[in-house]
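Two forms, one protein chain; structure tokens for each follow separately as structure 1 and structure 2.
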Structure 1
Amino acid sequence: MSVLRNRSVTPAVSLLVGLLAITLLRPTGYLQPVEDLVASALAPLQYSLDWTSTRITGWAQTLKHLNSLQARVRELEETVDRLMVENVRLREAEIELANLREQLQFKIANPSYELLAAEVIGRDPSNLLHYIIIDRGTQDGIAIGMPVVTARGLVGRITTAYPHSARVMLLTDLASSVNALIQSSRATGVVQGQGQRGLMMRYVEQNEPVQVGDIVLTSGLGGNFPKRRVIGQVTAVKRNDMDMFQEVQVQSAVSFHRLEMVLVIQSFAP
């Protein structure tokens, strides 16, 4: 038993003696070669540990920076989406305000008309009959035959009326016809719808002067439409000495496929 105890004590004593020797000899400089040798041997390991520690620290900082950037990108994307929606809303409000201002100016310029504003809620899907549906009907005082206009010019007339909506036949419909006159020469005729080909003014006498660029207005004859409402502009004139009348191609002043709001003339002096 004593032998085992002595064996366990011997390494401890040896370690203590070694440490004491190192402590006493280190100030003298005798251990410097040994320390240099150990430092040289451990240098690669220390460099490797430093390099690994630096890289791990760098990766951790990069990962933290990436997470911060991703959060910032998400924040900016949300801001862009919000601003885009706001910009669209403001743009629509600006367009609606311009339409309302245009209608107001038309009402002020035509105090003798009883006007009712309406919004376009439907169109002819086939593009054959050339009509639009508005959100006003008999409950609002709408009746068949009432003219429909915008501030730019004549649109058409009411052909069918329901309690809360109505159908408007456009000028381009093949069944549409309007008594008209040339503003410059006062020559009269009838503007008829030509479907996709637009408008044609017929029954204009051959001796009447008609030029490209002339403005075509409603004549008011027949009492179906008010006088002096703009229909469009002359784009071509077809004359034939063998015919009694000349044909005049007319470009409507209204872009029918862009209509959003119109005015129904509920009463006027024919």
Structure 2
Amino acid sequence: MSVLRNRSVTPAVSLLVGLLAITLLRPTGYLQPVEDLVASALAPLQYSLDWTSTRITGWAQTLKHLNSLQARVRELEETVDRLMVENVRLREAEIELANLREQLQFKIANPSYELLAAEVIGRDPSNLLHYIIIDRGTQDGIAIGMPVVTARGLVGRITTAYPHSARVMLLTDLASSVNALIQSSRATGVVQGQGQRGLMMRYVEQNEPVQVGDIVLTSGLGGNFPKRRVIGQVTAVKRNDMDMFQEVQVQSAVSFHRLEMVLVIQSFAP
């Protein structure tokens, strides 16, 4: 009994008795309300502890792997840079492929032509002249007068040829003129360059029927350009009873400002 009277032993014994009571009573369900109350009271504390421990673990992990993370970031940055370069290269390759596909279709459609593909490497610095410079010259068989086309239509002709480059006068140049005909009516005329305003077909007789939307082709007259090459489409017709001829505004089939690749018809001698 002297043991039970000891002050330090009493709480321990009480605790043991209490635990025993809880263990025995818990399966019976009598303690459920108490358990719910304790769980509800401790839930915020539990959440806070969990949140804190998760953060601390995360920081510890970060600190532990700091060096490797920095290396990983560098590696990922390099990968992003490489993929961006690759992406640009692939886009350019896609555009080039589309151009080459167009040119191939043109070649298949015109098997009699001997064609030489050339890249546009420059444009005339003057606003008064409309020329482009291509990366093929006399050493590639380029000669003055050769027609230059794209799969969409006529571009112009070679006016100057150097060993490794050549200058092409575009249809829009004020000095350019091409004998042409309207596809539907076969009316003939001359397509002249109008600078920034595009192309104008002149010397079309007044009685010739010309409609907006008609296709304009090379007539081959004069022998400067091959026959039946597309020049463009009629966008406006100007008739005046006082004039001998009507004037036809033509929208070129080729976008001259966006030219990147062209084809030189080598087998055509003007």
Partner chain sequence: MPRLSLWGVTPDLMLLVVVSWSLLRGNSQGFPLALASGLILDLLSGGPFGAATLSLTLASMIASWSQHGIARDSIWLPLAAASLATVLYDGIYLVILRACGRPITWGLGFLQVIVPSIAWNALAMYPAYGLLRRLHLRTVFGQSE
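Under this definition, the rigid core comprises the largest set of C-alpha atoms superposing within 1.5 Å between the forms. Nothing here was measured: the structure is a model prediction, and the numbers come from that model. By convention here, residues take numbers in order along the sequence of structure 1, the first being 1.
Between the two renderings of this chain, the form predicted together with its partner chain is found in structure 2; structure 1 comes from elsewhere.
Relative to the superposed core, residue 81 undergoes a C-alpha shift of no less than 2 Å between structures 1 and 2.
Core-aligned CA deviation for residue 209 between structures 1 and 2: less than 2 Å.
With the core held fixed between structures 1 and 2, residue 236 has its Cα displaced by under 2 Å. In the rigid-core superposition between structures 1 and 2, residue position residue 60 carries a C-alpha shift of 7.9 Å.
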